[in-house]
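What follows is a single chain, given as structure tokens, in the form predicted alone.
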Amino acid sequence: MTPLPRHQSIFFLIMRRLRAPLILLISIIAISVLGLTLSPGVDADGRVHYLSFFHAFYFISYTATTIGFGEILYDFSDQQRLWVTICIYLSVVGWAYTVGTVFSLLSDRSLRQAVQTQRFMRAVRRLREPFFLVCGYGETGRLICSALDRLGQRAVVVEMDENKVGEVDLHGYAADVPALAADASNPETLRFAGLTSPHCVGVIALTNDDSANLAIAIAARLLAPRLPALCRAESAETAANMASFGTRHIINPFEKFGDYLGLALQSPPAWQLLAWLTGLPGTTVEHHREPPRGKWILCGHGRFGRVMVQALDRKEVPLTIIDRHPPDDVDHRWVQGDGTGAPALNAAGVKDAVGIVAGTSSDVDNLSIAVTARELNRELFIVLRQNHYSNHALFDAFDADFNMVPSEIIAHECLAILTTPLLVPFLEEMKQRDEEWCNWLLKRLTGRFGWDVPTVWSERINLSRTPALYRRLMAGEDITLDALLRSPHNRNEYLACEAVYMERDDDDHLIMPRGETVVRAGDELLLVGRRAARSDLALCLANEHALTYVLTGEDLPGGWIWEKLAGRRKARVHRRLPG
């Protein structure tokens, strides 16, 4: 559905549709008035009398509108009564045609769309806080909007399907989410949705059509080049095309999952840490067993299967492929079938295998493969592809070792990139560390904060975001992380958060900076912890009194009057001191 190109002119659209009935109605009234002025009447003295245009129009007005007011100057003659009778029937026809046209107009889809677009544009224009433009309200879009809502971030939605747009109001978000049923690949639609608004802080293209996502990426690059754009692409050609237009973040869920599986095989603690840090807010990450080394079986050699083959090959994992058609390469053992039955699984050596990937495009087949494989080998590590998030109840009931849900992978990646850009370099740095270091960090953080997905945020030390701390640093004070990350309610207690990454203003960085590290103006910190710690730290960084208490233990009074009173009290105390 494409919005009207000049839909702002709703008034003119209505007038165009009502042009014919209005002309007919005006013509009937004009002819009626003219005829009534030409019809001869008789006055009280028996003389011939003609109504003036004013009196004729007055009479036709209350007659044609069925008001039925009975004021007339003189009794009508037979000619006048005959003409008035004709006028009454003419006016009934005219009004019936007009009312019918109005009802038809009210049910007109184009007019309703124009009104909805106007309402949507006004809602977007009234936004005076940062918002994300989400194109596509499928499973991934819903997950991202829910997560943004929990994080206190606003979102604007553009979705092609009207039924899905209707779900936005039913979802119960804490903040209003303006939504429009329109084609997001249309640049004009993106303008309506606030792409060029100064309050738009990011564009997320999540439609299930690669060409539409590519069009959104191009529009974002040309119309708002400074905005970060995250685009979903399931084909390598589309991803390459997006990259050529300078799209900063391209997310292929299959490749991303391949990276996750490779990381899980290489360093299980790093994988667990990544899953914990990038989980959806409000959820709990379960501690799964580690993927074993040995023979693996892959069921389904489509797009996802080919990516899995590459990921497992990079880790030099022996692999047998089960598919109805032979794979393109001859480097792997192939068994013909779909894997849902025991014969194909036995032929692939399921009893000797350590892991299996149920990666077909059918959720039912994948569950069937997983159930059959577990009956044949109870110790098998099962990776289960879940194509539709709506089937999560079935997949949760099976309890696989590793669920691959494309919508969740994309949502995790988008949130990590958009809400905490510093998290990406931290995760890349973490992947370079050895397994022992990742295991130490995982135990340290989950031991302190549990397995609930933590709040991950960043703080840049500058005048606008951290004025109290910035002024002290510019005055030459040395303030360490250990002194800074304390509770403003009791400075003897540490905040429930940790700084895991520090980016210096001179392009240097520190991973897991120590407590004695001195912060500097221009630094940016990546913090992990509880939500309350975030607000407490924000208070310390912005409020001079809270920061003074945290650093020195001195509890300053607030306000000019209280400071004056406190100053007099201090003066009296000093006068009483000996010497």
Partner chain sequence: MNLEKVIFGFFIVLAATLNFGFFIGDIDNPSHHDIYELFAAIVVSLIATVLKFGDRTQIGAVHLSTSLVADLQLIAAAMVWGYAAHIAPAGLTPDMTAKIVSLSGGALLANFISVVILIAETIMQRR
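Keep in mind that what you see is a predicted model, and the values were worked out from it rather than measured. Basically, rigid core = biggest C-alpha set you can superpose within 1.5 Å across the two forms. Numbering follows the first chain given and starts at 1.
The protein also exists as the form predicted in complex with its partner chain; that form is not presented, and the subsequent description refers to it.
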Going by a heavy atom distance of 4.5 Å, is F53 a contact of its partner chain in the model of the complex?
yes
Considering only heavy atoms, tell me if V33 and its partner chain come within 4.5 Å of each other in the model of the complex.
yes
Would you classify I26 as touching its partner chain in the model of the complex, given a 4.5 Å non-hydrogen atom cut-off?
yes
Quick one: is T37 in contact with its partner chain in the model of the complex, heavy atoms, 4.5 Å cut-off?
yes
The stretch from 510-518, 54-62, 546-554, 532-540 that lies within 4.5 Å of its partner chain in the model of the complex, judged by heavy atoms, is 54-62
CA of F245, rigid core aligned, shift of 2 Å or more between this form and the one not shown
no
Establish whether a shift of 2 Å or more occurs at the C-alpha of A56 between this form and the one not shown, with the two forms superposed on the rigid core.
yes
Taking the rigid core as reference, does the Cα of W83 move 2 Å or more between this form and the one not shown?
yes
